[in-house]
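What follows is a single chain, given as structure tokens, in the form predicted on its own.
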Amino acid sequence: MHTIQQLSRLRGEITLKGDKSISHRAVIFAAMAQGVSTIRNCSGGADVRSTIDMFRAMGTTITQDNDLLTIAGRGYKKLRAPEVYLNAGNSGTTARLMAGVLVNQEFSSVVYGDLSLSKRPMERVTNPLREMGAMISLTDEKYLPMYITPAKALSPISHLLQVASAQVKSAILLSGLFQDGVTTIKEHEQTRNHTEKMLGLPVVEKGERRIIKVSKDYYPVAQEYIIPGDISSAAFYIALALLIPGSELTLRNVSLNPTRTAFLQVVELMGAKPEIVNAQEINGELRGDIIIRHAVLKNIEIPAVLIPNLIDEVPVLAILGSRSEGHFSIRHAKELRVKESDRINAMVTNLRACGISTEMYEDGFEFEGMQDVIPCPTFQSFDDHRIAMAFSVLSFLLKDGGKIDNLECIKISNPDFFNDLNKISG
């Protein structure tokens, strides 16, 4: 059990480690390419290490020297048959994106994960890959382990995304990179677009529908990647700075990809005034510095259109809502049920544990802000990094602090979380 004490204020600046989503993709593209690529400011989290270790198991030479990751890519269909099963750890991004790569290799492979990942749905990825001709199967046709055998030839498809998921979209796009013909993906809801932006894929907007095309013409080449800071990790520091009087915090070189800034849009609607400076685009990705100051916030009705690109920030957004005036409600977020934990249940369980009366629904939850909280409440992490960080934030805000059963899981995405806070909390 870990005890967390109240913070008095946050002042100063921090530079976050690389965005997890962008880091995954940079590692994958570099390992697929022919030749040597470099990656600066790669995420230090365990999830991205799972992707790195998977490529190492298939013969890719990857070395690290402080902030510089060097990858000697093996080229088109030249990964080596692994001598072991491929471990995705806790990383859904690793398991799902790598499926799009592995189904095009000339060897068999098995992908497995930890207990949490083995409960998360994978058929959303395997079904479209089977449409392309992939030989891929799952346990109970739904869960890891994932069994892949070489297919004679995969074919391009035209696919309408059934789930608003950048991981599913990216798995199909990665598979499409191995084919001469054009694979087309249509999505009704905008999802994270790192894959298409980093590869320079053509995207056509037709009303509410986005059409993305991919073929072997866009197969990645060796290059240098410079990864911006992780905006999903930044959300936890932003929440603390907004809620602790007298705080002013600068977050350097943070990803400002428009599909990732829904959290900033919501807090601005709640009354915050985030300031963006030094914005620039590198590797197709916008990044810049974010300056956050304490603000008095009021809960708002969160636009449903923002939910798909807000899903990872819902836990910390709920903490903001609990310390803001008015009614907080999050709906249309059923995807939270199949993350690293059932995050709807995890949030409601912990909010109730500290005395916040909360209603739970299949697709979300709601409560009144500014309710009284019991002294030094005890929270469960559910072995979920975002739940652990969210209730660490709440504990930092409470006069008597709080307790959390497990903080080890925070290493999944941000092993520097507490060290960074030490730098800016005095």
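Bear in mind that the values here come from a model prediction, so they are computed numbers and not experimental data. Throughout, we count residues from 1 along the sequence that is shown.
Keep in mind that the form predicted in complex with shikimate-3-phosphate is missing from the display, and what follows is about it.
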* Considering only heavy atoms, tell me if Thr93 and shikimate-3-phosphate come within 4.5 Å of each other in the predicted bound form. => yes
* To do: Answer with yes or no whether Arg192 is in contact with shikimate-3-phosphate in the predicted bound form, where contact means some heavy atom within 4.5 Å.
  => yes
* **4.5 Å heavy atom contact, Ser165 to shikimate-3-phosphate in the predicted bound form** => yes
* Asked: So, in the predicted bound form, is Glu187 in contact with shikimate-3-phosphate at a 4.5 angstroms heavy atom limit?
  -> no
* Asked: Every residue in Arg9, Asp289 and His294 with a non-hydrogen atom within 4.5 Å of shikimate-3-phosphate in the predicted bound form?
  -> no
* Asked: Of these, 79 to 87, 166 to 174, 271 to 279, 295 to 303, which stretch puts a heavy atom within 4.5 angstroms of shikimate-3-phosphate in the predicted bound form?
  -> 166 to 174
* Just one of Arg124, Arg210, Lys213, Arg323 has a heavy atom within 4.5 angstroms of shikimate-3-phosphate in the predicted bound form, so which one? -> Arg124
* To do: Quick one: from Leu154, Ile311, Ile136, Leu201, grab the residue that has a heavy atom within 4.5 Å of shikimate-3-phosphate in the predicted bound form.
  => Ile311
* To do: Select from 1 to 39 the residues with a non-hydrogen atom within 4.5 Å of shikimate-3-phosphate in the predicted bound form and write them out in sequence order.
  => Lys20, Ser21, Arg25
